[in-house]
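Okay, so here's just one chain, in structure tokens, the form predicted on its own.
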Amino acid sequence: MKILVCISKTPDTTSKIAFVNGNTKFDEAGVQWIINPYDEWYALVRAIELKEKDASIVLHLVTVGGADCDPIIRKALALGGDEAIRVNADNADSFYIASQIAEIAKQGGYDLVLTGKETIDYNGSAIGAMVAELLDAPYISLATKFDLAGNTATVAREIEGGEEIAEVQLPLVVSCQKGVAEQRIPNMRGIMAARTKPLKVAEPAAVDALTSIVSYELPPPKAGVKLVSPDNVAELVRLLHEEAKAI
């Protein structure tokens, strides 16, 4: 069995967000880059757990980006995986990225593609579904549990008022969220081994991006706090009605 895990590079949540070039480009100066947590903590770790139970599983990682993504994919390899593939392209369009991943999946004949439910920078939640459509494979989103028995996957996901359990035959694409696995920290053995694991660079498939970024905007600054005396209920009601628009 072959598993492909999608890995994305995202800014650390503590990074200061700013834009340059007339608010058309993210300012990367001084930004600390990390593996997208949903990809790392859930999709990748669950794939590693499956491989630990079945040594015959081949586990590969894929990312779409420039050479600056290499440290991130190496860190992911330190957690586990046999090799990584980086599609040498820099494009934020979801369809473009999904098309590159789907092309790698087709060429590699993977049985299972795992991805995080979303990235913490764009929060699009679109890649998994697009990859599944391009592969003509079943897709289950927001998985909280994932188990394999032969070629049958049992996947649990939260729904309104309860939990849904689905059984699906491979090949399959699944997006993962909290509950699928628990976060791991790379150990020294894994870090050393990652240095020699194959990291293949593939040229992108000829695909036209469907969207482009026109500009970014920061949210408005937070207003100051207004303190109202507990005895002045009328003023509190007025502020909630006229300024906060809460009532």
Partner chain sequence: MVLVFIDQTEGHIKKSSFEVLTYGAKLAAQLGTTAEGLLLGTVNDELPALGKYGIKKVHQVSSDTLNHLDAQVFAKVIAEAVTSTGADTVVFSHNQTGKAVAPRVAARLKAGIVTGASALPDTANGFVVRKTVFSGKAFANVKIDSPIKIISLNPNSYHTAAGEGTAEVVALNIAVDAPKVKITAVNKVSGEVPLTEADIVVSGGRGLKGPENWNILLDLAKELHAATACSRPVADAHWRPHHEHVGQTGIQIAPNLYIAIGISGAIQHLAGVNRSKTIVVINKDPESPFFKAADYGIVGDAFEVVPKLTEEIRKMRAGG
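Residue numbers count along the first chain shown, from 1. In this text, all values refer to a predicted model and were calculated from it rather than measured experimentally.
Omitted from view is the form predicted in complex with its partner chain, to which the following refers.
A heavy atom within 4.5 Å of its partner chain in the model of the complex is found for one listed residue only; from 185, 214, 206, 55, this is 214. The closest heavy atom approach of residue 37 to its partner chain in the model of the complex falls within 4.5 Å. The shortest heavy atom separation between residue 132 and its partner chain in the model of the complex is within 4.5 Å.
Its partner chain in the model of the complex is not approached by residue 96, whose heavy atoms all lie more than 4.5 angstroms from it. Though the partner is left out of this view, residue 161 does reach within 4.5 Å of its partner chain in the model of the complex, counting heavy atoms only. Partner contact region in the model of the complex: 152 to 160, out of 152 to 160, 108 to 116, 83 to 91, 70 to 78, criterion any non-hydrogen atom within 4.5 Å of its partner chain. Although its partner chain is not shown here, in the model of the complex the stretch 98 to 126 places heavy atoms of 117, 118, 120, 121, 122, 123, 124, 125, 126 within 4.5 Å of it, in sequence order.
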